Structures are given as C-alpha cells and as structure tokens.
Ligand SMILES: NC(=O)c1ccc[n+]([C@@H]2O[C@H](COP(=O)([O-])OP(=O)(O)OC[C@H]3O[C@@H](n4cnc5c(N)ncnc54)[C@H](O)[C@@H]3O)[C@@H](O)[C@H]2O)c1
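One chain comes next, on its own, written as structure tokens: the form predicted on its own.
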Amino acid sequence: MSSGRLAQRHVLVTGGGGGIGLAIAKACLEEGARVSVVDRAAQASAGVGELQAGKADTLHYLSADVTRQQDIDRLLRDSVQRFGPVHTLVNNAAVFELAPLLEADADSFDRLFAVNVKGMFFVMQAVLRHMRDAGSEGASVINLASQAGRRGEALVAHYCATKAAVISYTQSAALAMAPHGIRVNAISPGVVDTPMWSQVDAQFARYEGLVLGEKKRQVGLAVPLGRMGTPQDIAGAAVFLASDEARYITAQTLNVDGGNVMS
C-alpha cells in the first residue's frame, strides 16, 4: 500500500525501459510521484506502456541517448515542461560487456565509458544545475553503481572501472551540492535477476566454459541471503533515498546485494 512518500514530486529515471529502471519508475509512481522515463528506444517498451495505461498525467516517456549532450538538454527541457522541476534524478542508464583482460579492446572501453561514465556524469551535471537554479532544496540524485565498482573482476575490467567511477563522482557531486541542500547518493546492486542476465550469463558461459544458466545459478547461491536480488529490491532502496526519510544522507553508496559486500 502506498504511503505517498513521493507525492507531488517529479522523478526522472534514465534507462527506465526495463529491469531495475522500470521497477524504480513503478515504485515511484505508486508513492505518488510524477515520473519521466528515459530510454534509447524510439517507442516506449511494453513495460512502460503498461504503466502508462491510464496514467498519462503522471508518467511520460522520452527517447534519448545519454551519450549525446543535445539529447540530455532535450530530455531535461521536455521533462520539466511536462511535470515541472525535477526533484529526484535516478541515473540508471548503463551497458554491460565482459572479456578476458588481455582481450578487452578499445571499442568496448569506449562503449562502456560513454554510457556508464560520460552519460551518467553529464546527465547528473545538467540536472544538478537545473536543481540549483530552481532553488530545489531537498532535491536529490541517485546514481546506480554496482558491486562491480567495489572490486575488480578478471573478466569485467572495463565495467568494474566504470562503476567505480560512478561511486567516486557520487561523492564529489555530493560535496559540491551540499551547500545548496541537494543530496547525491548511489545504490550498489549485487546480482539482480533482470532480462539482461540472460546476456550476461551467455557471456560468462562463453569465457568460462559453462552451460547456459550455470553462472546465474552459481552467483545466486553465492549470495549470503541465498538468492539473486530482484528489481523490486533495488526500487525500495531508491524510494527511500528519494524520500524525506533520507534527508540527512548524502555522499553514500548503499549496498543492496544480499550481503555480498560488507562495508
């Protein structure tokens, strides 16, 4: 049952077409927010379409590429025109690839850093500037990091580095925006059971010589709580960080990983 924790607030979610982003968008809607969902696809995904049914006054879809500054400027302008000043940014857009360290190439590096770091930073910068200029004290940013940003992994060097950068930028931005009363935090998910995991599992199967599905089974069993996370597990943390309950929390990266990382 909704408690209305985000009533009358405008939440902007990048990478919201499915998985974690879509779950966060849904949870924010249920808590009374108006939500702008951003993804690369020209048309809204089926999941977003289902949320939009009967909620055109509270949910808006925007197609944009976060690696392009003109798209960032447009998505911010259009979302503000639709729902007013942004109160919370959920910076979720990201891509994943893996390869053995000695085979990891420049093209993969460029793709991962373009979305996961460059896109994340310049979306955050644009929205923070907007929040400052709007006098949005109490506003916040939530960046999606990863347990991969807490430690290196032999097959995932580029991705781990991008998520470590997310954690670092979160801390720097939080310090910069604290005088304006704007909070910046991150969420560090562990292994989360989303549609993307079929692709991740296939990549691990290729390089580790596993049958399809085995890597997913292994990582779930290795979690101290005994299972992979769900998008809803992450969405609950996002709603908390966006709400007034977290008004004294900034510069933190919250592990939501079933106990994989202890800090």
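All residue numbers are counted from 1 along the displayed sequence. Because the structure is predicted, anything quoted here is derived from the model rather than measured.
The same protein also exists as the form predicted together with the ligand; that form is not shown, yet it is the one meant from here on.
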*Exercise: Met196 in contact with the ligand in the model of the complex, heavy atom 4.5 Å*: yes
*Is there any non-hydrogen atom of Ile142 lying within 4.5 Å of the ligand in the model of the complex?*
no
*Wondering, does Asn92 line up within 4.5 Å of the ligand in the model of the complex on heavy atoms?*
yes
*Is Arg40 close to the ligand in the model of the complex, meaning a heavy atom pair under 4.5 Å apart or at it?*
yes
*Spell it out for me: taking the ligand in the model of the complex, does every residue among Val115, Ser146 and Val191 have a heavy atom no farther than 4.5 Å from it?*
yes
*Any idea which of 130-138, 79-87, 168-176, 94-102 reaches within 4.5 Å of the ligand in the model of the complex, heavy atoms considered?*
94-102
*Considering only 40-75, what residues come within 4.5 Å of the ligand in the model of the complex, judged by heavy atoms?*
Arg40, Ala64, Asp65, Val66, Thr67
